[in-house]
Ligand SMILES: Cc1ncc(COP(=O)(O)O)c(C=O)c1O
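Only one chain comes next, encoded as structure tokens, the form predicted on its own.
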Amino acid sequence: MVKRAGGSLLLSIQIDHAHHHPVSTQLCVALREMILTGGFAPGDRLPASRTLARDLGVSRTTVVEVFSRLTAEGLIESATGSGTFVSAVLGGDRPMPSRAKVAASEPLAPKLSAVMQEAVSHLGERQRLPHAPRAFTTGLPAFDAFPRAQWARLSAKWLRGSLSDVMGYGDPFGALNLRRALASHLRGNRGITCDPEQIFILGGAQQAFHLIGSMLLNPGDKVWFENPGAIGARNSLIASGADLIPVPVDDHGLCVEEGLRLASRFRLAFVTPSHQQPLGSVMSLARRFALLRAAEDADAWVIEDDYDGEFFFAGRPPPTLKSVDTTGRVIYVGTFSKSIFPALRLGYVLAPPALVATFQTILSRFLQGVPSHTQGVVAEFIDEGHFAVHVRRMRQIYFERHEALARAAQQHLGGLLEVVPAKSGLHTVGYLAPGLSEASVSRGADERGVTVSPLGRFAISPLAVSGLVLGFGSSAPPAIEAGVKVLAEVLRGQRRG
């Protein structure tokens, strides 16, 4: 068995230090429940005691005590020099989560050339922004910190496998080993209990949005969309014939009451609750429940785009909308573009039970799936524990780069750009001082080798503020500081002009 450096991410475990039950009891119950209900497979490696203690904010002594209790119960076993593993004797007799029950599928929406023509005309003359790793390009992870040697080893290992697996047609729903790895990861790290049957592997999140829109929308159906909001999802839904309703966003996320005022009967809602794209706010629990109630009343679906939820560095990550959904209306979309790298073009959909059969029908009849080699390597990357180690490392790196941006902004951008502190992800926003044009600043910065995205690019209807979206994930602190100095010069020149 390959030794896994850090073990699984178990951030969904909640420890209440004010609870009348001791911390050790809470942790023991949580781990026991995960093991007995399928969260771990026999032979899965648990995190090292020091790692788990650090992740959960408890003492290592507590974790060691819990491991001893679970060992005495026969649920886990230790191997000297290798770590702690789920007992192999649990192979076939433990209860497993129930399979997703599928309901009647929705009819396919027509795809007309007129719909696409309308989408193209709606997008106008907007040009694609540069995606070079320079300050302050958005949407790019830290290429310089990716474990290329491990990836190359896993890729070579996969290519030496069976010819059928390497060269043949893959499962249109996605490789089963990757779907199982994702189900385990989502349960432990994002607090989502699901079955591999509900997960479908696609060619990136944008393909997922387009597929969902084509599946559930008829031309003219009203869709709540965050304003400002994610450009890729917006374009995909427009191409599906959606009538996008721009719903404002504040510090608590999507303004549900305003959405109800604008369109109480809607077919679909799109949200980024863990890290609003692009403003960065986290949707409050009250707003999440209000959105779920509104969707239930309107018989609507909700797309949750969790594009960079892995990288919450301001304490414990907030729960996903999917993890609190009891209505079965949330369609959860994830991507590996930020957590691994975008060239994979690999994303996934976690479908609610009522839509599983619909996804199975569409994917089996109309799509051939994504490359099996890519899926196989990603599955190995997760199963061997490298993904968990990578996420932990990148979370720290992004925090350091965010802090470098905050320090440089405080020193050089005072009175020009108010940079908002971020809690997560790879970008933040800065609000421009009165009199400065975000389009002019963006053009001037690009001429100096710095990429800043105008906030207006993300908006469907005009915003009351002007600002810039600043990516910090792909640039090391020295490049960030140099970029801030250039941006300050551009801003001062624009203000004089």
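Position 1 is the first residue in the sequence shown; the rest follow in order. Keep in mind that this is a model prediction, so the values were computed, not measured.
This protein has a second form, the form predicted in complex with the named molecule, left out of what is shown; the following refers to that one.
Picking from 165 to 173, 370 to 378, 403 to 411, 205 to 213 the stretch near the named molecule in the predicted bound form, with a 4.5 Å limit on heavy atoms, gives 205 to 213. Contact check for F146, R393 and G425: none of the three has a heavy atom within 4.5 Å of the named molecule in the predicted bound form. Shown alone here, S274 lies farther than 4.5 Å from the named molecule in the predicted bound form, counting heavy atoms only. Interface residue remark: R190 is not counted as part of the site for the named molecule in the predicted bound form, having no heavy atom within 4.5 Å. At the 4.5 Å threshold, heavy atoms of L217 stay clear of the named molecule in the predicted bound form, well away from it.
Heavy atoms of D305 reach within 4.5 Å of the named molecule in the predicted bound form, making it an interface residue.
Of the residues G83, P196, P318, G139, just one reaches the named molecule in the predicted bound form with a heavy atom at 4.5 Å or closer; this is G139. With the partner omitted from this view, the residue of T335, N227, S236, T358 that lies near the named molecule in the predicted bound form is T335 [heavy atom within 4.5 Å]. Along 386 to 421, no residue reaches a heavy atom to within 4.5 Å of the named molecule in the predicted bound form.
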